[in-house]
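Read the single chain below, which is given as structure tokens and is the form predicted on its own.
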Amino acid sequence: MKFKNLPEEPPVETRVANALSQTQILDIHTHLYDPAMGKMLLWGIDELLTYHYLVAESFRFFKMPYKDFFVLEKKQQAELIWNELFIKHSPISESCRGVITTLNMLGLDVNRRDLNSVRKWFAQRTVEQHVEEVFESANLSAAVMTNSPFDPEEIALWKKGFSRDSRFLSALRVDPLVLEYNSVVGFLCQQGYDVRSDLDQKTRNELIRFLHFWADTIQPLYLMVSLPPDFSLDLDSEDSSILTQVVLPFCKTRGLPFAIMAGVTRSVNPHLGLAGDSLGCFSIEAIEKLCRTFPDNKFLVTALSRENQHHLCVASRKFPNLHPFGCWWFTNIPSLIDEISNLRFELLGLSFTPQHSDARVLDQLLYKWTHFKESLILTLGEKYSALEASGWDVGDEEIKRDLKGLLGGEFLQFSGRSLI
């Protein structure tokens, strides 16, 4: 018997999109700062345009020497980039399209192509007002900062104290400690820690005391480091001694995950400054050994190289203390986000965190999450469609549950944390 005029169920992609619009996001890694930290929080059109992604892209066209560009004021740099990438050429790269998406979401008419009017709009806003609008438009519940106990400006702010915005959570970055320990021995001594270049027991204890102080001060969700492709994680390697003898024991004691952002090659073109970094393949075998040797530690891992993605997924199937997350920097482009998300869905199901924004400018939260959602609707919708074709009906409540996990819930469960 056929029934007429019964409403058809919307396509699964539409159901995913509807559920996604109602799901708040926990952005587990950014380079943003609490508004109370003043000028450290970057926002506005000139910051968007001088973001290092766009600086590097602009020098594909610029004929000027690097030094002539970097001595200019930020406003002048922004005007050069706007003229080159948005006026002389169509802004089709992901970084350029991101600026357009951001301005559109803020209600600005990008077709006027008028940088001065955009500047005037931003100049009329307060940072508090802007934070509210951006978080609401991006549908973010919270964003995790990257906080350095080696940055004098940041140290002064934390030690002075400030009224924290509960939406800006902390992560403790320990790159100088892990990667260039000898260069920070003097700094640590000035801070009142009795440490030496050789890693004797007293020095290890003092370094752990240093980490406890900062964990008590900023209450991080995890510790983190960016590692170059050639960094050795062998247990008897001098490279990894601070990591294996200080950082990981500390993380175990505090119950904090350790995040590894693997594959950053610094300053392949030093003339470009922050824009001059590149990437390389990291040893996932070394990650596997780390997970095997430290089974009571939890590891959050994201890889910068496309070639690492498949092996990282397979490694994550073998080690429940390994949680892959995010598509960042050079993998934060739609074609690779689709590919990497599909790999993870097909190998890991829902036990990972597919994205973090890596935003360095507040406004980037708008485009980075909007563009990622476009991908997620299609990739997850495809997986649900295949599941239904196999005979399993996917309910709307199941979709909402799964999205809540993917957009922060799985990270919290893995970390043993709750934000309530």
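Because the structure is a prediction, the values reported are computed rather than measured. Residues carry their position along the shown sequence, with the first being 1.
One more form of this protein exists, namely the form predicted in complex with D-fructuronic acid; it is left out here, but the text below deals with it.
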Practice item. Name the residue from F122, F250, W328, F345 that puts a heavy atom within 4.5 Å of D-fructuronic acid in the predicted complex. Key: W328
Point to revise | Stretch from 369-377, 384-392, 354-362, 35-43 whose residues place a heavy atom within 4.5 Å of D-fructuronic acid in the predicted complex | key: 354-362
Exercise for review: May I ask you to state whether S240 is within 4.5 Å of D-fructuronic acid in the predicted complex, using heavy atom distances?
Suggested key: no
Review point. Is M261 a contact residue for D-fructuronic acid in the predicted complex, using a 4.5 Å heavy atom cut-off?
Key: yes
Review point. Would R266 count as touching D-fructuronic acid in the predicted complex under a 4.5 Å heavy atom rule?
Key: yes
Check your understanding: Taking heavy atoms and a 4.5 Å cut-off, does F59 contact D-fructuronic acid in the predicted complex?
Key -> no
Point to revise | D-fructuronic acid in the predicted complex - contacting residues of 201-239, heavy atom within 4.5 Å | key: S226
